[in-house]
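Shown here is one chain on its own, the form predicted on its own, set out as structure tokens.
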Amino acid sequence: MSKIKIYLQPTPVRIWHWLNALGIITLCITAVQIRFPEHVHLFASYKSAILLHNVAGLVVTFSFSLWFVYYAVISRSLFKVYLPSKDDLEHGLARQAKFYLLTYFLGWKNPHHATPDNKFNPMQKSAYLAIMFILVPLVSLTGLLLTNVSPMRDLVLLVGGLKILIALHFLLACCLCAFLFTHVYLATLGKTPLEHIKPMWTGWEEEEETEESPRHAA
């Protein structure tokens, strides 16, 4: 069966993805030393870990803005790409979960075929919807409050005080870190471990040509 190449990931999306990945990985590493300074000494000092953590937070905030502007303003496909359809919720989630948990290991094909207009399977849409519209904004907001405690004292008190804010930021960050590991694992579940990772470098994904194959191809 012949193969075709589909232009799946535009340049702005790829730039955002790797900026975001670099920022989140840096946040996770620096957070370990900030949270456990008596046991972890990855950086020269506690102060340098905090500084790098804050810079990484700004990078993630910037990349999030890049993502939002591209999908909401430039391509105008934010909800089309990330909002699960009725069929996704009624049938797609169970079908995709079955693939990840069972049929992938039996050698079955992925029930979802990515196209420029339908990049993500139902589970990805649901996860990204929660991550990009709830988790990332909350992590960014709590982090912003922690770096500006005095000017935003009233807001800090509104969420329950500094200890509650720190605990909330830490728990949200743990969720984001857990998503990172899950995301990397699921990205390797192609015919080869790099099949779904390569398009985020080149923009192009290669697949077998079928009657349903999209025409946005080379």
Partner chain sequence: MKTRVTNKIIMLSVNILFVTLTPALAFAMDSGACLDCHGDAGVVGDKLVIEALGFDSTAHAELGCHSCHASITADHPDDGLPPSRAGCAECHDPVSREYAASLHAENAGCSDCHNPHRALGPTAVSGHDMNRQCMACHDRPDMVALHGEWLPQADLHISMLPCITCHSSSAEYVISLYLIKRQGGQYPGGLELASHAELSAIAGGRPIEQLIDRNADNYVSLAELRMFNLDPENKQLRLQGMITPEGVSHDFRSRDDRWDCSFCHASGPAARQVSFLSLVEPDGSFKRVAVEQGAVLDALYGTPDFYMVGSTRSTALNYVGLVILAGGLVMPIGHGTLRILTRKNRRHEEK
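Being a predicted model, the structure only gives us computed values, none of them experimental. Residue numbers count along the first chain shown, from 1.
If you look for the form predicted together with its partner chain, you will not find it shown, but the lines that follow are about it.
- Taking the partner from elsewhere, Phe133 is found to have every heavy atom lying beyond 4.5 Å of its partner chain in the predicted complex.
- Within 4.5 Å of some heavy atom of its partner chain in the predicted complex lies at least one heavy atom of Thr182.
- Within this chain, Ser65 is remote from the site of its partner chain in the predicted complex, having no heavy atom within 4.5 Å.
- The shortest heavy atom separation between Thr26 and its partner chain in the predicted complex exceeds 4.5 Å.
- The partner is not shown here, but in the predicted complex the stretch 96-120 reaches within 4.5 angstroms of its partner chain through a heavy atom at Tyr100, Tyr104, Phe105, Leu106, Gly107, Lys109.
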